[in-house]
Ligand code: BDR
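Presented as structure tokens, the chain that follows is alone, the form predicted on its own.
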Amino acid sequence: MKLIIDTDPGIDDAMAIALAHAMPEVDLIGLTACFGNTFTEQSSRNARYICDLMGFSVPVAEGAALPYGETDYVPSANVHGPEGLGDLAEVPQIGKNVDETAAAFLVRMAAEHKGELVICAVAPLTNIADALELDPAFAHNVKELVIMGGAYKHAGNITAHAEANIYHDAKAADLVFASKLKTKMIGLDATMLTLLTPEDFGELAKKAPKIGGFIAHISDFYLAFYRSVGVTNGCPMHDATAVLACTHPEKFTFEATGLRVILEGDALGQTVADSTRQPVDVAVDVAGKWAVDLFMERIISLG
């Protein structure tokens, strides 16, 4: 499977990148960076750092810095840390981004791998909306878009109604759901069923000291955030769950429905059914223990 991860690393993004690298069925051909958990320049820097730490290299293309129509954006440092990777105070600049925007890279890769490319978007959907605007053929060239975002029957996690990735650029998300992209939405209905416990992270650190140890270290911050909002038994895999939906969709239960995004008011960012739009496969359940077990197995295999 040819895969690009559109990302804003981000602790759970780091888990997703590591998992994709560890999956033999995945050919990870690039990362595109967006604002979200961090500022965009932090996102691309973190992506390059994570790849270097894990001993592989792929092109990293930097993309959108702001949501559609906005002039400012401030990440939520209380969730992922000021640099995006927990309590790491400094993240080194390793390598360089490709000399191409994220949207241009996505469009070019979709054309070069027409009908083969899967995009796993685990950030706000601004880069995807930009690619749609850049090339009308993009939606038909992409095999599938798998989104980590949204809340269908589940409550939101940044407001009562909205999931963070969709909320941070509701306009871009609505454009994506209105497009002809073949899309799966892996939202909170599924990802909140994939909890990694402190004991899981301890096992990762013990059995895979380099990669597992890094993930365990940065995840201390993430676990503390989830405890602060009442999730005391672990933290959800979120973005890594979306990677698993790319490779093992049979482990998920989906409902097909058109979607739109609320663009104003208290429900800003809410994903709601819209029968006038092309159906999206919305994940409403997942084999949670299987997802956690496979994540653990694959990360341990990295050492």
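Computed from a prediction, not measured in an experiment: that's the story for all the values here. For every residue, the number given is its place in the sequence shown, counted from 1.
The same protein also has a form predicted together with beta-D-ribofuranose (BDR), omitted here; what follows describes it.
- N165 is the sole member of T194, S219, N165, T183 with a non-hydrogen atom lying within 4.5 angstroms of beta-D-ribofuranose (BDR) in the model of the complex.
- Contact check for N157: a non-hydrogen atom falls within 4.5 Å of beta-D-ribofuranose (BDR) in the model of the complex.
- In the model of the complex, beta-D-ribofuranose (BDR) sits within 4.5 Å of a heavy atom of M148.
- Interface residue remark: V122 is counted as part of the site for beta-D-ribofuranose (BDR) in the model of the complex, having a heavy atom within 4.5 Å.
- Looking at N37, you'd find a heavy atom of it within 4.5 angstroms of beta-D-ribofuranose (BDR) in the model of the complex.
- Residues of just one listed stretch (278 to 286, 291 to 299, 8 to 16, 21 to 29) have heavy atoms within 4.5 Å of beta-D-ribofuranose (BDR) in the model of the complex: 8 to 16.
- Scanning 233 to 272 for heavy atoms within 4.5 Å of beta-D-ribofuranose (BDR) in the model of the complex gives H238, D239 in sequence order.
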